[in-house]
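Heads up, the chain below is alone and in the form predicted on its own; it's given as structure tokens.
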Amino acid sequence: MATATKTPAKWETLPAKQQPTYEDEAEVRAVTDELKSLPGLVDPNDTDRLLAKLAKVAEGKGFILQAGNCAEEFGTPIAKLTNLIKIILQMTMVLLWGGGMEIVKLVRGAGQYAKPRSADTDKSGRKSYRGDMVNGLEETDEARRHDPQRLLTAYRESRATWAEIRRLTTGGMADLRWIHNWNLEFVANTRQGRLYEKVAGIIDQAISFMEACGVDVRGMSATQVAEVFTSHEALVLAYEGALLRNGYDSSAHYLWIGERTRQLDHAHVEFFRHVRNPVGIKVGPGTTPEEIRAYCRLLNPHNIPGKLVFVSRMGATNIDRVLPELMRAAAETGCPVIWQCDPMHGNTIESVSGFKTRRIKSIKREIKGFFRACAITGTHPGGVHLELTGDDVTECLGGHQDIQDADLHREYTTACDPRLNAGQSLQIAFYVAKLLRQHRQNLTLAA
């Protein structure tokens, strides 16, 4: 008796860029079959709750803070994850203080194990490192081999990381009365650290007043401040497809399509036409208004608020020229999209000493241009998307330590792109809070 063959979904028949090149397709099928038998990594009810929060952002009543590592590595120490959550919570309080609206927190984590690359090989002639989900960072031919078993390791690492994030954000660390303990030791004596302590002091006074009035501040803190959702770039479709569960991509609460894989007639866009998660699309300076309208039509045909996020990554020199026209194109469709600013990826340069880096002044310039485009077009500034770490790294130029080219080698530990360190992250948070406050004041004056 012949065995029935499953008809592939349409996305499986379309071209897909930036995919691993595995040597043994039978091994790939065995791995994906095993992934299909495992529990989903996130609860669909949590994904639905995130969608409801993003709907408020789409209505102008919230702001997204999406932050974390460029590329996660297997076996990341708990201390590094703790520092990351601390800096995200600090930034949340700063943005709450400045924006006066709910901050929706998406951690780039618990799944950010795959990276697109501009070339298939590196300077040594070996296969490029594409993230721990695909191959190893070590500069050997064996480490750089695309290994399907890493898909299973990525699943296990994601599950462990998400469990630790939940432990951190639902335990004592999430209590607002511990707000001063979120200040990392190497940031505390900087200008940004002192500003944070000032904000924390104001919040302390408010907490004392609320507790005197009988308000359950502990219960409020866990739901309003510390709740975090997971996100990563949905790059390796063999992995994402194997984790489909009842219409949800259970690998994360929120996924995004990268600038290199957003072709309208390719597999990534087709895959997300049939997924219930909220989805982002990175749009760079080459994006056209016609493409924006097509994404709205294909990925959010029912005009669900919060379902579709456009993540602008223009570069500081392009944003004024390109972004307003794209915002107008989205508005013309009537689709309730969110616009979010990624000021990192369009501002990557190579330093004199040969390190890939970013300048804080360029990052700030792009953020300011994003808010300017929102003001011009009447668009709500819906969030920021940042690559950062809670560690004291030296990967981006400028900031509270005034990191120079000659300093980059000291603590340059990223597996891929340069990240803001904790002090630089706080600096950017205060800058965004100022722009949010100005935006809110301008709306009040206009009313």
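The first residue of the sequence shown is number 1, and the count goes up from there. Please read all numbers here as calculations on a predicted model, not as lab measurements.
As for the form predicted together with a small molecule, it is not shown, yet the points below apply to it.
In the model of the complex, residue 259 approaches the small molecule with a heavy atom inside 4.5 Å. The closest heavy atom approach of residue 395 to the small molecule in the model of the complex falls outside 4.5 Å. Residue contact with the small molecule in the model of the complex: residue 241 places no heavy atom within 4.5 Å of it. The small molecule is not shown here, and in the model of the complex it never comes within 4.5 Å of any heavy atom of residue 266. In the model of the complex, no residue of the candidate spot (56, 307 and 337) has a heavy atom lying within 4.5 Å of the small molecule. Contact with the small molecule in the model of the complex, judged as any non-hydrogen atom within 4.5 angstroms, is confined among 359 to 367, 93 to 101, 113 to 121, 140 to 148 to 113 to 121.
For the options 159, 345, 276, 372, the one in contact with the small molecule in the model of the complex, meaning a heavy atom within 4.5 Å, is 345.
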